[in-house]
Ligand SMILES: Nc1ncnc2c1ncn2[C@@H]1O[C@H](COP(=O)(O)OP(=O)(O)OP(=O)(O)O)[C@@H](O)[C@H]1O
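We begin with a single chain expressed as structure tokens, specifically the form predicted alone.
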């Protein structure tokens, strides 16, 4: 009777696996796909949590990428040593492993508990392989009501085979999508550079025209450089290969720092720059450098799309374990029909394209950083009145500065 029940349970597991595989095969967004894989792995193995570590063969490194118990992507990109971890052993040996007590295993990477925020009492890990190529490692931890078995391993290996193919397809789609967009976008500056070079080579331009051509070439080269940097930033953020360095910091100090960076620029353009931040603000956990970059992008836009004699306000409040940051300007504004598109890669407002230079990548980078921090960004705008970008960030672990 027990064998029949075991066989029935196994058949149900494989039927679930077939349904899951269909779902994975149709998902091309890498982050969503990884979330689905770890959730499915936890369910079919009856484990408390699951995680995925990706392998980078070019750098010979293994890095943390997704887990069932993480609300944000801040731990993406954390390096896990190949020589001092169970996951590293799986990569090097390309074999699955069951560890009943990881705490006593010399291969156990102690810092993994800081990443997953859970004590590891039992572990099952499998290699993710696609056509013999090492993709990464899928791990499930803490089997409910017992120990991991060979049957758990077999079912997880079957899931891993499908997951590895789905990950490779998603990566290829992401790369081709980004590269296709990038190539399309660089055609315009390259055409301008080609035309300017052709005119300079001919002897049909005077000295004044030569200077104009050189100015055009310098501007286009600068645009290409800026676009390349922003493109690489976005690609790394979206793929998880740009690690976040999380620390606790004072959000007020960061905002004042951003204000100070741009104060002289606003004065040069006769723009009034207001700072509206309470004296007491909480500390928060996050990547200070990346959040600073997001804020700099937004304030820089507020200056670029403003006008002389205009106004910018940087304000912030904290309540209900959230911090709200708003950057308002009295600039060009964005038409309502274009507002839903403003965070898309390479998108630029039609009426702004000839007035203000830009790559159309800055806001996409900003949104990725904010979303990875578990936050949201929204926009309200009116043409010829101005725009307000509002960031909402969670403060799950926060402390009032007055209490420090």
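Numbering follows the first chain given and starts at 1. Here the structure is a predicted model, which means the values were calculated and not measured.
The protein also exists as the form predicted in complex with the ligand; that form is not presented, and the subsequent description refers to it.
Undergrad: Would residue 193 count as touching the ligand in the predicted bound form under a 4.5 Å heavy atom rule?
TA: Looking in the predicted bound form, residue contacts with the ligand do not include residue 193, since no heavy atom lies within 4.5 Å.
Undergrad: Can you check whether residue 370 is within 4.5 Å of the ligand in the predicted bound form, heavy atom basis?
TA: Contact check for residue 370: no, nothing within 4.5 Å of the ligand in the predicted bound form.
Undergrad: Should residue 189 be counted as a contact of the ligand in the predicted bound form, where contact means heavy atoms within 4.5 Å?
TA: So residue 189 does not count as contacting the ligand.
Undergrad: Please check if residue 334 has a heavy atom lying within 4.5 Å of any heavy atom of the ligand in the predicted bound form.
TA: Yes, residue 334 sits close enough to the ligand in the predicted bound form that at least one of its heavy atoms falls within 4.5 Å.
Undergrad: Heavy atom within 4.5 Å of the ligand in the predicted bound form: which of 322, 292, 252, 304 fits that? Just give me the one.
TA: Exactly one listed residue reaches within 4.5 Å, namely 304.
Undergrad: Which of these residues, 41, 361, 53, 34, gets a heavy atom within 4.5 Å of the ligand in the predicted bound form?
TA: Here the answer is residue option 361.
Undergrad: Have a look at 84-92, 326-334, 276-284, 139-147 and name the one stretch with heavy atoms inside 4.5 Å of the ligand in the predicted bound form.
TA: Among the candidates, contact is made by 326-334.
Undergrad: Quick one: which residues from 327-350 get a non-hydrogen atom within 4.5 Å of the ligand in the predicted bound form?
TA: Going through 327-350 in order - heavy atoms within 4.5 Å of the ligand in the predicted bound form - the hits are 329, 333, 334, 342, 347, 348, 349.
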